[in-house]
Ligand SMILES: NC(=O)c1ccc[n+]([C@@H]2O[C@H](COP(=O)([O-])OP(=O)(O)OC[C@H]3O[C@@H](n4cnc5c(N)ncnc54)[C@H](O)[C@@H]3O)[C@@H](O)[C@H]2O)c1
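Next up is one chain by itself, shown in structure tokens, the form predicted on its own.
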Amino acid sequence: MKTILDKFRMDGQAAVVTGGAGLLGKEFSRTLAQAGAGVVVADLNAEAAEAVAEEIRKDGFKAIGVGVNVTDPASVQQMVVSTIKEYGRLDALVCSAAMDPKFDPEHAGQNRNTFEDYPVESFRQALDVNLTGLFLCAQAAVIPMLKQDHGSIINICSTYGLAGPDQRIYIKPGQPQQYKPVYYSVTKSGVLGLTRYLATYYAGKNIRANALTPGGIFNNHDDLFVQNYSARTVLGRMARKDEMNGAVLFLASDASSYMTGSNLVVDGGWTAW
């Protein structure tokens, strides 16, 4: 007899994770592989993508690494071709590739532009990666999904796609003010619009589209930032990098078979206040 846990299995299916060598992309790729899917770790850094795939294979699961530029239609098409060549199908697409301004020690001082002086070139680049990239990936992935009458698209959003950034958490005494840049809120809001469009466009086609909205993930941030961020959450802390894995597997698998056009928020209560 099948149990509820069987609905989370993805045996015989194939999943693509863009941004697969990133902080969350690695987690997503490993999670879907552990659930039985053949995974394509896709990243702009092809060597890093293959390294993640190799780690997954060493653990006894199925994965390949491919390089992809999500802003290039030909590159995205080749990613899908590689998936079909390796696994014969494409069941889940996790769009995790994005420009995301960081505030950990490694990226200290990189986000000092005010809205008034924010470069239009940087704004356009972010639109290309964070929105056009999702458009191109979905456009290519739905072709095999339509043929097999099955597919799940998961677009990674952000709490700043739901609410404006609290710029106060980026203040550090004695240092120039840093800002979460305008493009991030704009593009992440657009992710929700694209997700709902895809869900309704493919009504009746057994292709589902949902968004996953993570809260802030701890990545060696300094104590002041952690304190400022944590004070805004109901749970009183930042997320661990593995705490989105259950949500992404739920959305990719048949456990969420009656869910489309929705946004699953996993933010420690940030948006509940």
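In case it trips you up, residue 1 is the first one in the sequence shown, and so on. Nothing here was measured: the structure is a model prediction, and the numbers come from that model.
A second form of this protein, the form predicted together with the named molecule, is not displayed here; the remarks below concern that form.
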query: Options 139-147, 169-177, 152-160, 194-202; stretch whose heavy atom lies within 4.5 Å of the named molecule in the predicted complex; finding: 152-160
query: Non-hydrogen atom contact residue 69 with the named molecule in the predicted complex at 4.5 angstroms; finding: yes
query: Contact of residue 65 with the named molecule in the predicted complex (heavy atom, 4.5 Å); finding: no
query: The named molecule contact at residue 23 in the predicted complex, heavy atom, 4.5 Å; finding: yes
query: is_contact(residue 87, the named molecule) in the predicted complex, heavy atom dist at most 4.5 Å; finding: no
query: Residues within stretch 235-273 having a non-hydrogen atom within 4.5 Å of the named molecule in the predicted complex; finding: none
